[in-house]
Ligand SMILES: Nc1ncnc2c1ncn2[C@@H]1O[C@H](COP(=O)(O)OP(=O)(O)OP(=O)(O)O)[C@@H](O)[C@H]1O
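One chain comes next, on its own, written as structure tokens: the form predicted alone.
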């Protein structure tokens, strides 16, 4: 599904401020993989997502998706088959528009060749889909999204993204800004949608417990490199203590990121 080959990324190249953020990275993502990605701040996690989504292009190396070379393909073209959800719930929806209009815009993205209008049939369909969130939003379709809570907006963003029929789903700490209750609700919905729609998914998280519990594969990044890649039975038997120990053994230093350790 996704192949990254010999990827290097430097910012401010050939200047005194040059920063080497991704170093000789190779990654192959299989169809229907659900990969969790853990690492400290500055490890390169978000840069990896920016490279996959086309927000930035690599300094060198090749990126292919479904055997298409997309190394230099712009973000707006990849957005046709990549759905991305950010940490901030405000980024996934248009606050000044109604809930149903938000859904319509995103839905059209997934069916760009069809002429679709917001008629009674579409409203009934959206209402039926909103029931899946179990938040009562099916009765608030004509309200502006600005009236919703952060948890409701993130759940709505997740549903809208799924309805746009992406081939790949990128979750960039999408529950980090939510309180524990709403984070658990959104994470439960995430698992249901990924399984129900057979989505190939990569999820960045600072929560080691989430990284271990969810998905079929786990990556740990540090210093722009993938230093741990675990799946199958090895991942099922993983603990946070063992993961920290593996990091220390590989990098010859202690894992000292409080934000991650406290999320255990």
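Positions refer to the first chain, counted from 1. Only a predicted model underlies this, so the values are computations on that prediction, with no experimental measurement involved.
There is also a form predicted in complex with the named molecule; it is not shown, and the following applies to it.
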query	finding
Contact test in the predicted complex: residue 11 vs the named molecule, heavy atoms, 4.5 Å	yes
Non-hydrogen atom contact residue 173 with the named molecule in the predicted complex at 4.5 angstroms	yes
The named molecule contact at residue 200 in the predicted complex, heavy atom, 4.5 Å	no
4.5 Å heavy atom contact, residue 207 and the named molecule in the predicted complex	no
Contact at 41, 44 and 47 by the named molecule in the predicted complex, all three, heavy atom at most 4.5 Å	yes
Partner-facing stretch of 212-220, 230-238, 191-199, 33-41, counted where any non-hydrogen atom is within 4.5 angstroms of the named molecule in the predicted complex	33-41
